[in-house]
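This document starts with one chain, in the form predicted on its own, laid out as structure tokens.
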């Protein structure tokens, strides 16, 4: 998948919403990625992230509202490897990741607010496929998201 979010914004100005006010870092081996949105809302507990990335993700991107916490990583190398095996395009986390040198080797987009070496707590908490909002944008399951070095954008329809 080759695109530049700047170009998508220019070509589809009336169709895109742009995530603002957040400083994203790209840790995955895939620098540009996009697809249908699947959502998880959790806080410092990656149980639902792990479960969902173990399912078929072809053409999809998992968007996680981790409450912006940088205290516990919501994805690391083992969960990301599982995501690659299941065909996920990428993961966008309003929170943290870990194992960044290993994430960089994987054919997966991973965009987060930062990294931390501490793993997630597991309490089996979290919500799947609900509307989540951060950075001034509401991410709705079934809509589309695109991410690259310029930022993160959404659209109610596929742009590619």
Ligand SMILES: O=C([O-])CC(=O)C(=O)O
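Computed from a predicted model, the values in this text were never measured in an experiment. Numbering follows the first chain given and starts at 1.
Form predicted together with this ligand: not shown, discussed below.
Contact with this ligand in the predicted complex, defined as any heavy atom within 4.5 Å, is confined among 131 to 139, 115 to 123, 59 to 67, 27 to 35 to 115 to 123. In the predicted complex, none of the heavy atoms of residue 94 sits within 4.5 Å of a heavy atom of this ligand.
Remark: residue 75 counts among the residues lining this ligand in the predicted complex, judged by a heavy atom distance of 4.5 Å or less.
Within 4.5 Å of any heavy atom of this ligand in the predicted complex lies no heavy atom of residue 52.
Within 4.5 angstroms of this ligand in the predicted complex, the stretch 85 to 102 places a non-hydrogen atom from each of 98, 99, taken in sequence order.
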